[in-house]
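Next up: the same protein chain in two forms, each one alone, written as structure tokens (structure 1, then structure 2).
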Structure 1
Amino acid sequence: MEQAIDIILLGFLVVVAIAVVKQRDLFASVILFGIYSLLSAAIFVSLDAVDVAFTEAAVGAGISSILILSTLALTSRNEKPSSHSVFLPLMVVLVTGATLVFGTLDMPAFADPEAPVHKHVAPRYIQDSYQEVGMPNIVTSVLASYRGYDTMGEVVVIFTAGVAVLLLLSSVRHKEDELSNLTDLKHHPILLNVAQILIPIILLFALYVQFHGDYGPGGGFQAGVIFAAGFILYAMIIGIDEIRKTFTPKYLHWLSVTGVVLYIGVGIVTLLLGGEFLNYNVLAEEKLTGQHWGIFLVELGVGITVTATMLSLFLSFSEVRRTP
């Protein structure tokens, strides 16, 4: 039964992917990409990768769709006809695809219990992570403790990408009286009432995801995206000018930096206390207490950076003049 569900979901993915390629309406393509992300999240749930599914749904179907739609509001919803031959891009795709397939030929079979990852890596985390880290959610233990370096790098990448996009957008000339009005829906009573009910729930759920990631699916990445989505929904319904009164660009930029500094600062503190970089054991007398404090702080840094970066990008898109 599970295999049948996986096959059906994969079949839907193929159909949606083909529809995206053939679609010339960019707005419809964005919606299809959102459906693709939701189908991917469903596949991850079927594979018991709930944390990955959570991230895919929040980022792929949620915040990414909003940012792409914001981009379309500045350009056009229709794709311009290509003036170049499709032969060269097709050859690049075929060669790349063949190379990727060739690279997977020596991989272990799907669900093979004798695969190295199931004989060496996974048993180590499953058997020892609770005693060493004290987190019921093994995914949180791996991402925030065992692989703290990798997660720190991901936070820095998000921050750097946000800075790069903001710099690109700042180079686009705009005038106050010609700002693109991405949102102004407060005069629709149904949307306004629904938003007033949903926004507090969204933000409360984001807090739950942020501080309950130790015990269930969630963490700083997912919580940050949900926080940003809640504030963006507020901006879309109530008005961007209203949210700018609370979150000025300068304030959001400082928040983005604060999250990265908090994460790296935890590592520096562990060095000053005589431990290794991002080894949280030295943060308290009890090893597990130190792990809890360290993971709490770095996840908080992740959530702050992701929220501030996503919201900065959305507000920056709203300030750019629409292309004629």
Structure 2
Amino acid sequence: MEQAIDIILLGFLVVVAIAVVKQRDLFASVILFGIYSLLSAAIFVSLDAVDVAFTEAAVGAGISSILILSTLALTSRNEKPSSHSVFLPLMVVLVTGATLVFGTLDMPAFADPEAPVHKHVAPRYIQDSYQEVGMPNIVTSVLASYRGYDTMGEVVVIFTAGVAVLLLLSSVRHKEDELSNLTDLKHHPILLNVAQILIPIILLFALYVQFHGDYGPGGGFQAGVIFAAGFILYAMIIGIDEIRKTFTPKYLHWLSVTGVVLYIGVGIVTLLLGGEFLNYNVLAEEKLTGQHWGIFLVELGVGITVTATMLSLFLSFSEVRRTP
């Protein structure tokens, strides 16, 4: 049964991917990509990667699609037929693909529990993380503690993207006073009502995801994306002006800086307390309490930066002048 679902999902993926190649309407391509992302998320679930599925759904199908759609709104919707020669790309792709297939031939069988990946490094996470970190969700333990430094890097990546987009779009943005006349969807009663009910729930859920990541799937990143999604929904349906007034660019910027600084700051504090960078054990008398605090704080940092940056990205794109 499980395998059948898998095969169906994979089949869909293949169909969608080919459709994207063929599709000339960019809007359709984006939607197809959203579908591709959602299907992937489903496969992630079937592969036991619930956190990843969660993130992929929120990011791939959510934020990425919104960003691309915002861009399409500012550029053009249709792709022009390309007069590129197909031969060279095709050869490159075939060679690359063939190399990869060649590489798989010696790979351990799919889901083989004896594969090397399951025999080294990972067993310790599974067996000892509860004693060492004190979190039921091993992914959170690894993400925020064992490999907490990668996650710090990840927050910085998001921050970097925020900075990059602000830098890029600053010259083409509306002035403050020109912004009020942007359209919104306030006049669709159904949308409006649904949104009014949904948005508080979304925000509440985001809070839950933020603070429940220790026990179940989720964490700062997913929560941040959901938070941002809630506000973006509000902006699109009820009114972008209020969002803009609440979250001024400066404020958002400060928020995303705060998140990054919070994360790195935790590391600095651990340094000052005599531990290694991001060694949460030294944050409290009890090691596990220290881990708990450390993870709580860094996840908060992640959540703040992600929320602020995502919102800032959306607002930046929405404020681009339409006339060239």
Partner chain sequence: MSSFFDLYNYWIFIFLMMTGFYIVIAQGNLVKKIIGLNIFQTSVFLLYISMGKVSGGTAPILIEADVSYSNPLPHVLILTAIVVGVATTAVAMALIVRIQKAYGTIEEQEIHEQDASL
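In this text, rigid core is short for the largest set of C-alphas that superpose within 1.5 Å between two forms. Residue numbering: sequential along structure 1, first residue numbered 1. In this text the structure is predicted, and so the values were computed from the model without any measurement.
A.B. asks: Structure 1 or 2, which would you say is the form predicted on its own?
C.D. replies: Number 1 is right.
A.B. asks: Would you say whether Ala164 is displaced between the two structures, judging by a C-alpha shift of 2 Å or more on the superposed rigid core?
C.D. replies: Stays below the 2 Å threshold, so no.
A.B. asks: Could you tell me whether the Cα atom of Ile126 shifts by at least 2 Å between the two structures after core superposition?
C.D. replies: False for Ile126: its C-alpha shift is below 2 Å.
A.B. asks: Pro113: how far does its C-alpha move between the two structures, core aligned, in angstrom?
C.D. replies: Displacement of the C-alpha, rigid core superposed: 2.5 Å.
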